[in-house]
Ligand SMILES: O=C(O)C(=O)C[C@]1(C(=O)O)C=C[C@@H](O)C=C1
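Only one chain is shown below, in structure tokens, and it's the form predicted on its own.
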């Protein structure tokens, strides 16, 4: 009996930058499961209808992707297994015959709009923005409306990548519309928890931490858990907890692997002092450069408290 091909979910529809990222890491025979939004793609992994999901997590211009960061903390535990980067190129596309002067409203994903709004302001200062769930979904809707008798859409053009414009047979009205030609989006492969793999020597670990409420110096205490052990932070972003004003969680990327003693010591210190801590995976870094660890920064006093970290390593507790 032939084993069915694995299913991978992603932020769809087809033609998104997310699909391009997926193609970097997915098997050739993978079954694609394009989803309307990030929570749906991740939930398909949770309910086992997909073995993995590829979703955006960070953009070099706009920062963290809140839909991904918030879902990873709100839902059942998932872990990041890999990261991919995709250079971002945008075009303004529309139906056949649409000219630049015909465009009164534009639809795209919020991050795409943020990366092109300077160009839009210069060339289409009166154009209205209509939010889309991805860069490709508005393009597909525009193409389908083009084939319908009544093409009743609120926008005349979309900001998408050239692949989506080609896939949905839209005409490119203007190319190179991104304000920053060097923009890159980081995507992650997300899976269900399991035994943590071995370090490569050039790894990254992602975690979510919530600080104690109304305790002076709580942020400094959290950061010291990393600094005294020589663990370098490559990203830190605050996200509101949501139950009241002034309460935040922090989404953090650090250099190193959870199987390394110094990273384990930092996690143990955080677990002892913070009300919420979630491990979101250790995985190879994109740059593959080895981590240089300063001498004498691993706190031996914390290493003896290994029971919680051992559970994380075996996939029993997140």
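The structure displayed is predicted, hence computed values, not measured ones. Numbering follows the first chain given and starts at 1.
The same protein also has a form predicted in complex with the named molecule, omitted here; what follows describes it.
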query: Heavy atom of residue 72 within 4.5 Å of the named molecule in the predicted bound form; finding: no
query: Partner contact for residue 88 in the predicted bound form: the named molecule, 4.5 angstroms, heavy atom; finding: yes
query: In the predicted bound form, residue 189 touching the named molecule (heavy atom, 4.5 Å); finding: no
query: Close approach of residue 16 to the named molecule in the predicted bound form, 4.5 Å, heavy atom; finding: yes
query: Which of 92-100, 122-130, 179-187, 221-229 sits within 4.5 Å of the named molecule in the predicted bound form, heavy atom basis; finding: 179-187
query: Stretch 95-111 - residues with a heavy atom within 4.5 Å of the named molecule in the predicted bound form; finding: 109, 111
